[in-house]
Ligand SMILES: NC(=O)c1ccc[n+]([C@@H]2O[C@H](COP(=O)([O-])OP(=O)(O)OC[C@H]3O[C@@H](n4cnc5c(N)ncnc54)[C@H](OP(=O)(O)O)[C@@H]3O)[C@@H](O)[C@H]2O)c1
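Read the single chain below, which is given as structure tokens and is the form predicted on its own.
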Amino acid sequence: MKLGTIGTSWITESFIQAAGLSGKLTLTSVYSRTMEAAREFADKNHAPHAFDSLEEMAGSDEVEVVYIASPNSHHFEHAKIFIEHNKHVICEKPIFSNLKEWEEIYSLAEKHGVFVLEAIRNIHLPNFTILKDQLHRAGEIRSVLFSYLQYSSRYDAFLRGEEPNVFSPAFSGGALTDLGVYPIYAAVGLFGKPDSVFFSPVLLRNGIDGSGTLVLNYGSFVCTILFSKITHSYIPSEIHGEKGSIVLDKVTPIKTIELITHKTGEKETFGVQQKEEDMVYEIENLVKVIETNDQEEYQRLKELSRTVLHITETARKQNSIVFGTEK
């Protein structure tokens, strides 16, 4: 399929590289706010077409699907433009700022007969599928601890008084929507929608969350999620069952999975060697949904996306974290 991209950051370059490796997408077009930047990025990534107009790129026959990696606050307006031109949309996580935007976009996509898919790599990994298949071996789940704490290279700029997009409420930033969505997606992908949500954030000077603890209550157990962009952690993630515990090196990418049986202390390792460019797996799965019109998988992914966004919006509202798009 012919691919267009919005955004010129490292995440867009990673997606383009993975798209090439997948053999499923061919980069034809790139967009940036200035033609100079668009042409430079196009030349660097061997794209024949550069645009500084979203309307022109959306109307081009050289684009069948667009990958959106603009600032979070722009995802809604950018997706809307391409859907109205009957283009499929793959949108980088977090897909939108809130459920109101989500509902409007998916309704519009249905009207135009196109797909809207969230790019979230960890649930498409082979090792996530293995984890899900082997989960029952831990016995009845009684607690879960998922962690994703990674000091941001942009935090130093924030400390100097600047306001990078990722730490800006105007751009729908914060640790919850940037890093928190990975362990939230893992939890929802494994256990479904929680009964209730409780969020305790560490708020920065502008009211955005720099880190936090999120508790997802599933009735018979709770899943505690730790995430941060202002500190770093070296502890693994764990799923605690009555028969054993499953230890993950990380929630994304999941490289190692180890089951430790309580009574014997026996350790068993699962997992496979995954491609270094692990975006390949999400691209293969998402493009397959589009090409085969797989409505069953599309509805599953839609529901996952909606549930995760419901959790993050609920958590924000509990702490009066308001994005610029909501004012």
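Numbers for residues come from their place in the sequence shown, where the first is 1. Remember, predicted model here, so these are calculated numbers, not experimental data.
Here the subject shifts to the form predicted together with the ligand, a form of this protein not shown in this document.
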property	result
Stretch in contact in the model of the complex with the ligand, which is absent here, among 69-77, 233-241, 109-117, 130-138 (heavy atoms within 4.5 Å)	69-77
Listed residue that, although the ligand is not shown, lies within 4.5 Å of it in the model of the complex (heavy atoms), from Lys100, Arg154, Lys193, Lys255	Arg154
Of Asn319, Thr307, Ser9, Gln17, the one that lies within 4.5 Å of the ligand in the model of the complex (heavy atoms)	Ser9
In the model of the complex, Asp178 touching the ligand (heavy atom, 4.5 Å)	yes
Exercise: Ser32 in contact with the ligand in the model of the complex, heavy atom 4.5 Å	yes
Interface membership of Phe171, the ligand in the model of the complex, 4.5 Å heavy atom rule	yes
Non-hydrogen atom contact Phe158 with the ligand in the model of the complex at 4.5 angstroms	no
Contacts with the ligand in the model of the complex, stretch 74-101 (heavy atom within 4.5 Å)	His74, His75, Glu92, Lys93, Pro94
